[in-house]
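Below, in structure tokens: the form predicted on its own, a single chain.
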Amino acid sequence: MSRALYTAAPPRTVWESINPLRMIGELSETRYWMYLLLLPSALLITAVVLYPTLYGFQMSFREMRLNRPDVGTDWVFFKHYIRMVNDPIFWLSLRNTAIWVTSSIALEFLIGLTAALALNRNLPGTKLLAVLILLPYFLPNVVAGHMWGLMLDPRLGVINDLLMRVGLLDGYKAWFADPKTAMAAAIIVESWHSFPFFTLLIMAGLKGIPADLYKAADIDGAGPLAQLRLITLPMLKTIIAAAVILRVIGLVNSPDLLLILTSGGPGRSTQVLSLYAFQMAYKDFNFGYAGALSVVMFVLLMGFAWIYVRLSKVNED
């Protein structure tokens, strides 16, 4: 009977056992390697996103008023949420938020879709026109707000002057001082500033639609509106859904343009939830109630995103 001959591996030294490079090499051959690679990103997300979010949640259950240190920072649990249910300003802000977001998104989408379809035709001068169309989106909200505030000024505004010259106005109008026109004027300013966001994403999506689909539709006798309804919009469904969700999040969470134009007035005709939370935190210094308002906005946004994705059936494609 033959005997199997083998050579035993030399024993490792202490240095070889604790050599970091050797340990990393052995770890890279296991399934735990991917967790090690994800660890820096996970720590960064925890520090930048998760911790502030959890802190905001727990702040909504505590009494935190910087101008009233005598009340302390004790746990009050659902006190702020109970106050919110009985707060008429909260319900008014919620209604104004729905109007603000829905109207702005609808107008931005229609203008952005029209601009994207026009630019996609590759006519002479469309590249220059594309740059000009995208310029408003590059303006900071502070600059855009002050610029439109000056243009719509009742005494010095150029828009009032033009409307009077063409006979659409009998006199100079204070657009942001009238409760009947303040919200509509703010929506127009927001739509002008942000419609290039839809234009940019829709233009990118149009480049990915095969031209053969439109040629086949032409042969079948489908007109431009039929092609838009049967080809363009269904093929852009995923992009449109993502763009709408991102813009809704941006509009709900960003009160800066309304803060510059109206500060929530006149009265509370342009008061939205984000602006109300901002005023609670940095005017009344009631960070507990502001935290509760922020939690409600977070829950509403999560619920909207889930419902919108389900209704649009994007995940079924």
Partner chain sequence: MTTRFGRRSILQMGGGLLAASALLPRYAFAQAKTINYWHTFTSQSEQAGLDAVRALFTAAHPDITVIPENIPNPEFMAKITAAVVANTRPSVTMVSSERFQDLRAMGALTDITDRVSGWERRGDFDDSRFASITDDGKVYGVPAFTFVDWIYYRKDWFEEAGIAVPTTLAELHDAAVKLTDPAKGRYGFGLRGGPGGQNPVINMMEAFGSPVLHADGTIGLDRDKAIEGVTFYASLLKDGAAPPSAPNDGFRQIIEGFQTGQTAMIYHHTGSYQDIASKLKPGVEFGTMAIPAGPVTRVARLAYAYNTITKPEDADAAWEWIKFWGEPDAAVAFLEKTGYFPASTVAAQDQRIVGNPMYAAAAETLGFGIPQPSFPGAAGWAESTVLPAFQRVLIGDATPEQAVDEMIAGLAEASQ
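Positions refer to the first chain, counted from 1. No experiment lies behind these values; they were computed from the predicted model shown.
What comes next is about the form predicted together with the partner chain, which is not displayed.
Heavy atoms within 4.5 Å of the partner chain in the model of the complex map, among the stretches 244 to 252, 29 to 37, 285 to 293, 42 to 50, onto 285 to 293 alone. Contact check at 4.5 Å (heavy atoms) against the partner chain in the model of the complex: none of 162, 167 and 240 pass.
Contact check for residue 83: a non-hydrogen atom falls within 4.5 Å of the partner chain in the model of the complex. For residue 150, a non-hydrogen atom is located within 4.5 Å of the partner chain in the model of the complex, even though that partner is not displayed.
Although the partner is absent here, residue 66 is a contact residue: one of its heavy atoms lies within 4.5 angstroms of the partner chain in the model of the complex.
Not displayed here, the partner chain is approached by residue 156 to within 4.5 Å at the level of heavy atoms in the model of the complex. With the partner omitted from this view, the residue of 187, 201, 174, 76 that lies near the partner chain in the model of the complex is 174 [heavy atom within 4.5 Å].
Residues of 97 to 111 placing a heavy atom within 4.5 Å of the partner chain in the model of the complex: none.
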